[in-house]
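The chain below stands alone and is given in C-alpha coordinates; this is the form predicted on its own.
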(Lines give C-alpha, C1' and ligand atoms only; values in the text may rest on other atoms or scores of the structure.)
Protein backbone atom coordinates (compact mmCIF):
# COMPACT_ATOMS: atom_id res chain seq x y z
CA UNK A 1 0.00 0.00 0.00
CA UNK A 2 2.78 2.43 0.91
CA UNK A 3 4.70 1.50 -2.23
CA UNK A 4 1.63 2.23 -4.36
CA UNK A 5 1.15 5.64 -2.75
CA UNK A 6 4.84 6.43 -3.22
CA UNK A 7 4.66 5.56 -6.94
CA UNK A 8 1.49 7.63 -7.30
CA UNK A 9 3.09 10.62 -5.58
CA UNK A 10 6.24 10.26 -7.69
CA UNK A 11 4.24 10.21 -10.92
CA UNK A 12 2.30 13.29 -9.83
CA UNK A 13 5.54 15.10 -9.01
CA UNK A 14 7.04 14.20 -12.40
CA UNK A 15 4.00 15.60 -14.16
CA UNK A 16 4.25 18.79 -12.11
CA UNK A 17 8.03 19.12 -12.46
CA UNK A 18 8.08 21.19 -15.72
CA UNK A 19 5.59 23.67 -14.27
CA UNK A 20 7.45 23.81 -10.94
CA UNK A 21 10.75 24.49 -12.74
CA UNK A 22 9.13 27.24 -14.80
CA UNK A 23 7.58 28.70 -11.65
CA UNK A 24 10.87 28.60 -9.75
CA UNK A 25 13.04 30.05 -12.55
CA UNK A 26 10.80 32.66 -14.16
CA UNK A 27 8.55 33.62 -11.24
CA UNK A 28 10.27 32.78 -7.96
CA UNK A 29 13.70 33.97 -9.03
CA UNK A 30 12.19 37.08 -10.61
CA UNK A 31 10.29 37.97 -7.46
CA UNK A 32 13.39 37.54 -5.29
CA UNK A 33 15.49 39.71 -7.61
CA UNK A 34 12.76 42.37 -7.75
CA UNK A 35 12.59 42.52 -3.96
CA UNK A 36 16.38 42.85 -3.83
CA UNK A 37 16.51 45.59 -6.48
CA UNK A 38 13.73 47.50 -4.69
CA UNK A 39 16.13 47.91 -1.77
CA UNK A 40 18.97 49.23 -3.94
CA UNK A 41 19.87 52.12 -6.19
CA UNK A 42 20.37 50.40 -9.57
CA UNK A 43 20.37 51.76 -13.12
CA UNK A 44 21.25 48.62 -15.20
CA UNK A 45 24.82 49.87 -15.74
CA UNK A 46 26.46 50.47 -12.36
CA UNK A 47 26.56 47.91 -9.52
CA UNK A 48 23.53 48.08 -7.21
CA UNK A 49 23.94 50.22 -4.08
CA UNK A 50 22.05 49.24 -0.96
CA UNK A 51 19.64 51.98 0.13
CA UNK A 52 17.13 50.04 2.23
CA UNK A 53 13.54 51.31 2.11
CA UNK A 54 14.41 54.67 0.57
CA UNK A 55 12.81 53.72 -2.75
CA UNK A 56 9.49 52.97 -1.05
CA UNK A 57 9.60 56.29 0.82
CA UNK A 58 10.50 58.10 -2.38
CA UNK A 59 7.61 56.48 -4.25
CA UNK A 60 4.94 58.12 -2.15
CA UNK A 61 6.64 61.49 -2.60
CA UNK A 62 6.56 61.32 -6.39
CA UNK A 63 3.53 62.99 -8.04
CA UNK A 64 3.72 60.57 -10.99
CA UNK A 65 3.41 57.53 -8.72
CA UNK A 66 0.50 59.01 -6.76
CA UNK A 67 -1.19 59.86 -10.05
CA UNK A 68 -0.58 56.34 -11.37
CA UNK A 69 -1.96 54.85 -8.14
CA UNK A 70 -5.11 56.97 -8.36
CA UNK A 71 -5.60 56.09 -12.03
CA UNK A 72 -5.15 52.37 -11.38
CA UNK A 73 -7.62 52.27 -8.49
CA UNK A 74 -10.24 54.32 -10.33
CA UNK A 75 -9.73 52.31 -13.53
CA UNK A 76 -10.11 49.06 -11.59
CA UNK A 77 -13.30 50.16 -9.84
CA UNK A 78 -15.06 51.44 -12.96
CA UNK A 79 -14.05 48.66 -15.34
CA UNK A 80 -14.64 45.79 -12.92
CA UNK A 81 -18.15 46.95 -11.99
CA UNK A 82 -19.25 47.71 -15.55
CA UNK A 83 -17.78 44.60 -17.19
CA UNK A 84 -19.20 42.32 -14.49
CA UNK A 85 -22.73 43.69 -14.91
CA UNK A 86 -22.69 43.70 -18.71
CA UNK A 87 -21.07 40.27 -19.02
CA UNK A 88 -23.80 38.81 -16.77
CA UNK A 89 -26.59 40.49 -18.74
CA UNK A 90 -25.08 39.47 -22.08
CA UNK A 91 -24.61 35.87 -20.93
CA UNK A 92 -28.23 35.78 -19.74
CA UNK A 93 -29.42 36.93 -23.16
CA UNK A 94 -27.20 34.48 -25.04
CA UNK A 95 -28.35 31.62 -22.81
CA UNK A 96 -31.81 31.74 -24.38
CA UNK A 97 -32.90 29.09 -26.86
CA UNK A 98 -33.39 31.12 -30.02
CA UNK A 99 -32.56 30.43 -33.64
CA UNK A 100 -29.01 31.35 -34.62
CA UNK A 101 -27.79 31.64 -31.03
CA UNK A 102 -24.43 30.03 -31.93
CA UNK A 103 -23.78 32.79 -34.46
CA UNK A 104 -24.47 35.53 -31.92
CA UNK A 105 -22.29 33.85 -29.30
CA UNK A 106 -19.42 33.70 -31.80
CA UNK A 107 -19.83 37.34 -32.82
CA UNK A 108 -19.90 38.59 -29.25
CA UNK A 109 -16.82 36.54 -28.33
CA UNK A 110 -14.66 37.71 -31.25
CA UNK A 111 -13.18 40.80 -29.48
CA UNK A 112 -11.49 38.50 -26.94
CA UNK A 113 -9.86 36.43 -29.69
CA UNK A 114 -8.26 39.39 -31.45
CA UNK A 115 -4.89 40.74 -30.41
CA UNK A 116 -4.99 43.47 -27.77
CA UNK A 117 -2.48 45.50 -29.78
CA UNK A 118 -4.62 45.21 -32.93
CA UNK A 119 -7.74 46.23 -31.03
CA UNK A 120 -5.88 49.22 -29.56
CA UNK A 121 -4.77 50.37 -33.01
CA UNK A 122 -8.37 50.13 -34.22
CA UNK A 123 -9.55 52.20 -31.27
CA UNK A 124 -6.83 54.75 -31.97
CA UNK A 125 -8.48 55.27 -35.34
CA UNK A 126 -11.94 55.42 -33.75
CA UNK A 127 -10.79 58.06 -31.27
CA UNK A 128 -9.31 60.44 -33.83
CA UNK A 129 -10.86 63.89 -34.16
CA UNK A 130 -12.30 62.90 -37.53
CA UNK A 131 -12.61 59.22 -36.63
CA UNK A 132 -15.61 56.93 -36.73
CA UNK A 133 -16.75 57.63 -33.15
CA UNK A 134 -17.08 61.38 -33.68
CA UNK A 135 -18.68 60.71 -37.08
CA UNK A 136 -21.26 58.40 -35.51
CA UNK A 137 -22.12 60.96 -32.81
CA UNK A 138 -22.41 63.68 -35.48
CA UNK A 139 -24.82 61.47 -37.43
CA UNK A 140 -26.95 60.83 -34.34
CA UNK A 141 -27.08 64.57 -33.51
CA UNK A 142 -27.99 65.38 -37.11
CA UNK A 143 -30.92 62.97 -37.21
CA UNK A 144 -31.86 63.34 -33.53
CA UNK A 145 -35.23 65.01 -34.27
CA UNK A 146 -36.23 62.09 -36.51
CA UNK A 147 -34.95 59.52 -34.02
CA UNK A 148 -36.88 61.11 -31.14
CA UNK A 149 -39.99 61.27 -33.31
CA UNK A 150 -39.63 57.59 -34.19
CA UNK A 151 -39.20 56.59 -30.54
CA UNK A 152 -42.17 58.74 -29.47
CA UNK A 153 -44.43 57.31 -32.15
CA UNK A 154 -43.37 53.77 -31.26
CA UNK A 155 -44.18 54.27 -27.56
CA UNK A 156 -47.58 55.83 -28.34
CA UNK A 157 -48.58 53.18 -30.90
CA UNK A 158 -47.39 50.34 -28.63
CA UNK A 159 -49.31 51.74 -25.66
CA UNK A 160 -52.48 52.12 -27.74
CA UNK A 161 -52.23 48.54 -28.99
CA UNK A 162 -51.63 47.12 -25.49
CA UNK A 163 -54.61 49.06 -24.06
CA UNK A 164 -56.82 47.94 -26.94
CA UNK A 165 -55.84 44.28 -26.57
CA UNK A 166 -56.41 44.36 -22.81
CA UNK A 167 -59.81 45.97 -23.33
CA UNK A 168 -60.70 42.87 -25.36
CA UNK A 169 -59.70 40.67 -22.43
CA UNK A 170 -56.40 39.49 -23.96
CA UNK A 171 -53.24 39.27 -21.75
CA UNK A 172 -51.12 41.69 -23.78
CA UNK A 173 -47.70 42.58 -22.32
CA UNK A 174 -46.10 46.04 -22.76
CA UNK A 175 -43.23 44.48 -24.75
CA UNK A 176 -45.24 41.94 -26.73
CA UNK A 177 -43.12 40.99 -29.76
CA UNK A 178 -45.99 40.84 -32.28
CA UNK A 179 -47.37 44.21 -31.19
CA UNK A 180 -43.87 45.71 -31.13
CA UNK A 181 -43.28 44.65 -34.74
CA UNK A 182 -46.44 46.41 -35.85
CA UNK A 183 -45.52 49.46 -33.76
CA UNK A 184 -42.08 49.64 -35.38
CA UNK A 185 -43.58 49.59 -38.87
CA UNK A 186 -46.20 52.23 -38.04
CA UNK A 187 -43.64 54.43 -36.27
CA UNK A 188 -41.26 54.20 -39.25
CA UNK A 189 -44.08 55.08 -41.66
CA UNK A 190 -45.19 58.01 -39.49
CA UNK A 191 -41.65 59.36 -39.16
CA UNK A 192 -41.12 59.12 -42.93
CA UNK A 193 -44.38 60.98 -43.57
CA UNK A 194 -43.54 63.77 -41.11
CA UNK A 195 -40.10 64.15 -42.72
CA UNK A 196 -41.60 64.11 -46.21
CA UNK A 197 -44.03 66.92 -45.43
CA UNK A 198 -41.41 68.97 -43.61
CA UNK A 199 -42.94 68.70 -40.15
CA UNK A 200 -39.77 67.18 -38.69
CA UNK A 201 -36.42 67.65 -40.43
CA UNK A 202 -32.84 66.63 -39.63
CA UNK A 203 -30.41 69.26 -38.45
CA UNK A 204 -27.82 70.74 -40.76
CA UNK A 205 -24.12 71.38 -40.24
CA UNK A 206 -23.78 69.36 -37.05
CA UNK A 207 -20.16 68.30 -36.49
CA UNK A 208 -19.05 66.60 -33.30
CA UNK A 209 -15.27 66.91 -32.89
CA UNK A 210 -14.54 65.70 -29.39
CA UNK A 211 -10.87 65.31 -28.44
CA UNK A 212 -10.41 61.87 -26.90
CA UNK A 213 -6.64 61.46 -26.65
CA UNK A 214 -4.53 64.60 -27.07
CA UNK A 215 -5.93 66.38 -24.04
CA UNK A 216 -5.42 66.78 -20.31
CA UNK A 217 -9.03 67.63 -19.58
CA UNK A 218 -10.92 65.55 -17.02
CA UNK A 219 -14.46 64.23 -16.72
CA UNK A 220 -15.91 62.87 -13.47
CA UNK A 221 -12.49 63.12 -11.84
CA UNK A 222 -10.58 61.13 -14.47
CA UNK A 223 -8.68 62.32 -17.56
CA UNK A 224 -10.61 61.87 -20.80
CA UNK A 225 -7.83 59.73 -22.39
CA UNK A 226 -8.14 57.32 -19.45
CA UNK A 227 -11.89 57.09 -20.10
CA UNK A 228 -11.03 56.13 -23.67
CA UNK A 229 -8.92 53.25 -22.34
CA UNK A 230 -11.77 52.29 -19.99
CA UNK A 231 -14.18 51.95 -22.93
CA UNK A 232 -11.71 49.86 -24.91
CA UNK A 233 -10.90 47.59 -21.97
CA UNK A 234 -14.56 46.97 -21.24
CA UNK A 235 -15.17 46.11 -24.90
CA UNK A 236 -12.33 43.58 -25.02
CA UNK A 237 -12.87 41.87 -21.65
CA UNK A 238 -16.65 41.48 -21.52
CA UNK A 239 -16.70 38.57 -24.04
CA UNK A 240 -14.32 36.41 -21.94
CA UNK A 241 -16.24 37.04 -18.74
CA UNK A 242 -19.49 36.48 -20.63
CA UNK A 243 -18.26 33.02 -21.60
CA UNK A 244 -17.52 32.20 -17.95
CA UNK A 245 -20.99 33.35 -16.93
CA UNK A 246 -22.53 31.39 -19.79
CA UNK A 247 -20.90 28.19 -18.54
CA UNK A 248 -22.24 28.92 -15.05
CA UNK A 249 -25.75 29.58 -16.34
CA UNK A 250 -25.86 26.25 -18.14
CA UNK A 251 -25.07 24.46 -14.86
CA UNK A 252 -28.14 25.87 -13.09
CA UNK A 253 -30.87 23.17 -12.98
CA UNK A 254 -33.82 24.04 -15.21
CA UNK A 255 -36.14 22.52 -12.62
CA UNK A 256 -35.57 25.56 -10.38
CA UNK A 257 -36.95 27.91 -13.03
CA UNK A 258 -39.85 25.56 -13.76
CA UNK A 259 -40.80 25.39 -10.08
CA UNK A 260 -40.53 29.17 -9.72
CA UNK A 261 -42.67 29.68 -12.82
CA UNK A 262 -45.36 27.39 -11.41
CA UNK A 263 -45.31 29.45 -8.21
CA UNK A 264 -45.99 32.60 -10.24
CA UNK A 265 -42.50 34.13 -10.30
CA UNK A 266 -41.88 36.44 -13.26
CA UNK A 267 -38.63 36.72 -15.24
CA UNK A 268 -37.14 39.42 -12.97
CA UNK A 269 -37.90 37.46 -9.82
CA UNK A 270 -36.35 34.32 -11.31
CA UNK A 271 -33.25 36.31 -12.27
CA UNK A 272 -32.77 37.92 -8.84
CA UNK A 273 -33.85 34.95 -6.69
CA UNK A 274 -32.35 32.06 -8.68
CA UNK A 275 -29.82 33.17 -11.29
CA UNK A 276 -27.83 35.70 -9.26
CA UNK A 277 -27.54 33.60 -6.05
CA UNK A 278 -26.64 30.44 -7.97
CA UNK A 279 -23.90 32.34 -9.83
CA UNK A 280 -22.13 33.63 -6.71
CA UNK A 281 -19.06 31.35 -7.17
CA UNK A 282 -18.84 32.41 -10.83
CA UNK A 283 -19.24 36.07 -9.90
CA UNK A 284 -16.41 35.72 -7.39
CA UNK A 285 -14.16 34.35 -10.16
CA UNK A 286 -15.21 37.07 -12.62
CA UNK A 287 -14.62 39.89 -10.14
CA UNK A 288 -11.28 38.45 -9.04
CA UNK A 289 -10.04 38.11 -12.62
CA UNK A 290 -11.30 41.61 -13.35
CA UNK A 291 -9.49 43.12 -10.37
CA UNK A 292 -6.20 41.43 -11.21
CA UNK A 293 -6.40 42.27 -14.91
CA UNK A 294 -7.37 45.91 -14.49
CA UNK A 295 -4.78 46.65 -11.81
CA UNK A 296 -2.09 45.35 -14.16
CA UNK A 297 -3.31 47.00 -17.38
CA UNK A 298 -0.31 47.91 -19.52
CA UNK A 299 -0.42 47.27 -23.27
CA UNK A 300 -3.37 49.55 -24.03
CA UNK A 301 -1.80 52.38 -22.02
CA UNK A 302 1.57 51.87 -23.71
CA UNK A 303 0.11 52.07 -27.22
CA UNK A 304 -2.28 54.95 -26.60
CA UNK A 305 0.44 56.93 -24.77
CA UNK A 306 2.94 56.46 -27.59
CA UNK A 307 4.45 59.23 -29.72
CA UNK A 308 1.72 61.62 -30.80
CA UNK A 309 -0.80 59.93 -28.51
CA UNK A 310 -2.31 60.86 -25.19
CA UNK A 311 -0.20 62.73 -22.59
CA UNK A 312 1.48 60.30 -20.19
CA UNK A 313 0.18 62.04 -17.08
CA UNK A 314 -3.36 61.50 -18.32
CA UNK A 315 -3.05 57.74 -18.83
CA UNK A 316 -0.22 56.48 -16.61
CA UNK A 317 -1.05 53.44 -14.47
CA UNK A 318 1.08 51.49 -12.01
CA UNK A 319 2.19 48.87 -14.52
CA UNK A 320 3.17 51.50 -17.08
CA UNK A 321 4.89 53.53 -14.36
CA UNK A 322 7.11 50.52 -13.67
CA UNK A 323 7.93 50.08 -17.36
CA UNK A 324 8.57 53.78 -17.92
CA UNK A 325 11.11 53.90 -15.09
CA UNK A 326 13.00 50.83 -16.31
CA UNK A 327 12.98 51.95 -19.97
CA UNK A 328 12.74 55.76 -19.89
CA UNK A 329 13.06 57.70 -23.11
CA UNK A 330 16.52 59.28 -23.17
CA UNK A 331 17.05 59.08 -19.42
CA UNK A 332 18.84 56.90 -16.90
CA UNK A 333 16.83 53.82 -15.84
CA UNK A 334 15.57 53.76 -12.28
CA UNK A 335 15.40 50.03 -11.68
CA UNK A 336 15.33 50.31 -7.90
CA UNK A 337 12.38 52.71 -7.96
CA UNK A 338 10.58 50.61 -10.58
CA UNK A 339 11.12 47.44 -8.54
CA UNK A 340 9.65 49.12 -5.47
CA UNK A 341 6.64 50.16 -7.55
CA UNK A 342 6.29 46.60 -8.87
CA UNK A 343 6.30 45.16 -5.34
CA UNK A 344 3.76 47.79 -4.29
CA UNK A 345 1.55 46.83 -7.23
CA UNK A 346 1.77 43.14 -6.27
CA UNK A 347 0.88 43.84 -2.65
CA UNK A 348 -1.95 46.15 -3.71
CA UNK A 349 -3.38 43.46 -6.01
CA UNK A 350 -3.26 40.89 -3.22
CA UNK A 351 -4.89 43.26 -0.73
CA UNK A 352 -7.68 44.24 -3.12
CA UNK A 353 -8.48 40.61 -3.93
CA UNK A 354 -8.50 39.66 -0.24
CA UNK A 355 -10.75 42.61 0.60
CA UNK A 356 -13.11 41.59 -2.19
CA UNK A 357 -13.17 38.06 -0.86
CA UNK A 358 -13.78 39.22 2.70
CA UNK A 359 -16.33 41.99 2.16
CA UNK A 360 -17.50 41.47 -1.44
CA UNK A 361 -18.83 38.47 -3.31
CA UNK A 362 -17.68 35.18 -1.75
CA UNK A 363 -16.64 32.15 -3.77
CA UNK A 364 -19.24 30.11 -1.90
CA UNK A 365 -22.72 29.82 -3.27
CA UNK A 366 -24.41 30.44 0.06
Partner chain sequence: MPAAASTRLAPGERYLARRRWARVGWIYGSLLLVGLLFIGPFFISLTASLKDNPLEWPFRFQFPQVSPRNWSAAWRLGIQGANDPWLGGWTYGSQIGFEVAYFVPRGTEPTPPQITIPRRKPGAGQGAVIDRPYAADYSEASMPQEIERKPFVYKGESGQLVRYRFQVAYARELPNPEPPEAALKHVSKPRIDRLPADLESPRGQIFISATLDPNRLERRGRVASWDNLTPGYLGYTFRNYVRVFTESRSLETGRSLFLSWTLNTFYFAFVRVLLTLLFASMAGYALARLYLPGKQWVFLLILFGMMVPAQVTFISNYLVLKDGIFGFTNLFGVSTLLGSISGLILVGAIGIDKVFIMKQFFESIPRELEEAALIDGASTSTTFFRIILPLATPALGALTILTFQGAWNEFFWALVILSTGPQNAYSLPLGLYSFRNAYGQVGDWGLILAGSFLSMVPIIILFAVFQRYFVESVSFSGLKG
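Residue numbers count along the first chain shown, from 1. Since this is a predicted model, take the numbers as computed values, not measurements. Rigid core here is just the name for the largest C-alpha set that superposes within 1.5 Å across the two forms.
Note that the form predicted together with its partner chain isn't included here; everything after this is about it.
Trainee: Please name which of the stretches 215 to 223, 196 to 204, 133 to 141, 69 to 77 has residues with heavy atoms lying within 4.5 Å of its partner chain in the predicted bound form.
Mentor: Stretch with heavy atoms near the partner: 133 to 141.
Trainee: In the predicted bound form, does each residue in the set 157, 275 and 329 place a non-hydrogen atom within 4.5 angstroms of its partner chain?
Mentor: The answer is no: none of the three residues contacts the partner (heavy atom, 4.5 Å cut-off).
Trainee: Is there a heavy atom of residue 280 lying 4.5 Å or less from a heavy atom of its partner chain in the predicted bound form?
Mentor: Contact with its partner chain, no.
Trainee: Although the partner isn't part of this model, could you tell me whether residue 335 comes within 4.5 Å of its partner chain in the predicted bound form, counting any heavy atom of the residue?
Mentor: Yes, contact at 4.5 Å.
Trainee: Would you classify residue 355 as touching its partner chain in the predicted bound form, given a 4.5 Å non-hydrogen atom cut-off?
Mentor: No, residue 355 stays farther than 4.5 Å from its partner chain in the predicted bound form.
Trainee: Please tell me whether any heavy atom belonging to residue 63 falls inside 4.5 Å of a heavy atom of its partner chain, as the geometry stands in the predicted bound form.
Mentor: It does not: once its partner chain is placed as it appears in the predicted bound form, residue 63 has no heavy atom within 4.5 Å of it.
Trainee: Could you check which residue among 82, 231, 101, 252 gets a heavy atom within 4.5 Å of its partner chain in the predicted bound form?
Mentor: After the contact test, the surviving option is 101.
Trainee: Which of 260, 244, 147, 188 has a heavy atom within 4.5 Å of its partner chain in the predicted bound form?
Mentor: Flagged contact: 244.
Trainee: Note that its partner chain is not shown here; using its position in the predicted bound form, name the residues of 15 to 41 with a heavy atom within 4.5 Å of it, in sequence order.
Mentor: Residues within 4.5 Å: 15, 16, 18, 19, 20, 22, 23, 25, 26, 27, 29, 30, 31, 33, 34, 37.
Trainee: Can a Cα shift of no less than 2 Å be assigned to residue 16 between this form and the one not shown, given superposition on the rigid core?
Mentor: Yes; that C-alpha moves by at least 2 Å between this form and the one not shown.
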